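Here you get one chain, nothing else, as structure tokens; it is the form predicted on its own.
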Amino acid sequence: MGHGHHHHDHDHSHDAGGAGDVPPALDLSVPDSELSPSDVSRRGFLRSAGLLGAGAAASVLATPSAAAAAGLPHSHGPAGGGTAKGGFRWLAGDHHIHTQHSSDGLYRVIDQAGHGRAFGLDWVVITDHGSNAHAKIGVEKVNPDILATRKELPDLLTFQGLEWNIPAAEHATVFVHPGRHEVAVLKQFEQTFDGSQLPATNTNEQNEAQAIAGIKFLGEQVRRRKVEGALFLANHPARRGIDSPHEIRNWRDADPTIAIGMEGAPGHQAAGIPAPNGRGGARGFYDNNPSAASFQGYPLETYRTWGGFDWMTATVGGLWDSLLSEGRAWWVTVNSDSHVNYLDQSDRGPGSDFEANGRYNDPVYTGKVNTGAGDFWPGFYGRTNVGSTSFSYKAVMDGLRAGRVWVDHGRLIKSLDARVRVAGDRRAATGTPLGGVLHVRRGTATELTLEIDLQDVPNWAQFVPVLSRVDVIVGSVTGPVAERDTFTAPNTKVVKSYEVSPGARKLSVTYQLGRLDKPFYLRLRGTDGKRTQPGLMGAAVDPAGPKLDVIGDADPWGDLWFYTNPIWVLPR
């Protein structure tokens, strides 16, 4: 074959046991003396890069069983119908949605799911807050509503999850594959591991250990076949500065098949709409300052959004890149975090007793337009697009776990297909997709192929968004960091920008990545070009990155971006 990627080496089940044959260089039970010279040099390289042996457990790039469990490397066969692009069916969704079962929520499950479907979503996760009332009664009480919604809206995949108060840290989405035990597993998880349920006397170290134990518990439920899958994604990670870099690494290491990523942009985007038409606040409610609980190393810029995105994701060479340059698969998503929606005209039903009932009474019409609400309905503004092999719960979870994901705000683009392949390989549907790993011989030239269908229909704000520019961001893979609170990646930068011709219907580019001399990854970003500034690491790293959002004057519709998850290229 000559082009050297390994898509054919693995079955497509994505189960931890599905790794197939382990390449000899990666199988540490095979001594160096029994390897071919090329395998010895490959093993030596991986060792020196920290991608093999001690410290490499969390790198899906080095550990074949972890790679298989995380859905790597990927197949990309035909998707079988739907809106196929690049052999996948791209399913748009939102994994962070609240209902009347949250102490700060309002709507029925069917309200949120029905709006999400109407606004173009294919899947949603209901994530009511962990709390005393939720742990005791809410998990069970919401389930009949979710079952009814699945029946009522068969063309929408409705997952049951919850928003975990991560011990010692922020919030996270936790959700499971539907099944007989979905309620039992979520209930046991919340009662045992939710921050609201732990002793107030716990030390920070004890709480951090409980967070790790919670993620391991979820992995155990999958291995014991209680549920078919479970996923964790950290929500609004930089909002209060309390998700330290080492905690994020620890979550990932606890179980890479469960802890897979974070919100690249928070919900609550309507909060930035200027007064008097809107709340006149901060996008994502990112208007905080450091507290005693914050990680003291974070700069003040951490606590604000940048083009609507979280500082960890928006900074080229920042925290997200520091994880990717270690070879850690860690993906970004976009959600609504919908609680109470902008311009809605309803309120909680009279006589509600949340503590006693675990839910508010059904919403009632007020006739008053809520301009102060910070949220959009699911699907109205942001979406997480998952490359799936079919329309199913399992396929969405597998696609998320595998990192076949791109995100956008305001429907900035219609569709995207990005791949890396051996230069000149012109066969249809070849190449490694988002989230994947391409293994090639050292010295082999590779190229990025990118195809974007530009938007030609209005978004939900009634205008057709116009993509102005696409950036290619590349970073070298340097192996595990010595200091687990590292949040920079000095070798990552924007290497190429493409201006989009006015009136174009499609952007198709091929970018030459050169001959492989050291392992690297790439990711993509695009903008409507309305608000940019040099990135926090300097203009040489990111000449025209997202701009710091201004509290009180941050119209989310006037500043639209898309981001993709990475693709790695490694020597074999």
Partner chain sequence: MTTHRSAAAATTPAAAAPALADLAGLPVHGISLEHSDTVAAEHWLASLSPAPVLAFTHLVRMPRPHVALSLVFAGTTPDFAGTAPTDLGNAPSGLGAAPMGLSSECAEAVAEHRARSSGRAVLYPGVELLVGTLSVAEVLELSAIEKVEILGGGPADPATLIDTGDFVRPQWRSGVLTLITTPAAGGRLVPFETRHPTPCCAAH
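None of these values were measured; they are calculated from a predicted model. Residue numbers count along the first chain shown, from 1.
Although it is not shown, the form predicted in complex with its partner chain is what the next lines describe.
Within 4.5 Å of its partner chain in the predicted complex, a heavy atom is found for none of Arg421, Leu454 and Tyr563. Across the options 300-308, 175-183, 486-494, 226-234, residues that bring heavy atoms within 4.5 Å of its partner chain in the predicted complex belong to 300-308.
At a distance threshold of 4.5 angstroms between non-hydrogen atoms, Gln533 is in contact with its partner chain in the predicted complex. Taking the partner from elsewhere, Glu152 is found to have every heavy atom lying beyond 4.5 Å of its partner chain in the predicted complex.
Contact check for Val340: a non-hydrogen atom falls within 4.5 Å of its partner chain in the predicted complex. Of the heavy atoms in Glu247, some are within 4.5 Å of its partner chain in the predicted complex. Interface residue among Arg252, His171, His96, Arg359 relative to its partner chain in the predicted complex, by the heavy atom within 4.5 Å criterion: His171. Among the residues Gln462, Ser501, Asn289, Asn277, the one placing a heavy atom within 4.5 Å of its partner chain in the predicted complex is Asn289.
Residues of 172-198 placing a heavy atom within 4.5 Å of its partner chain in the predicted complex: none.
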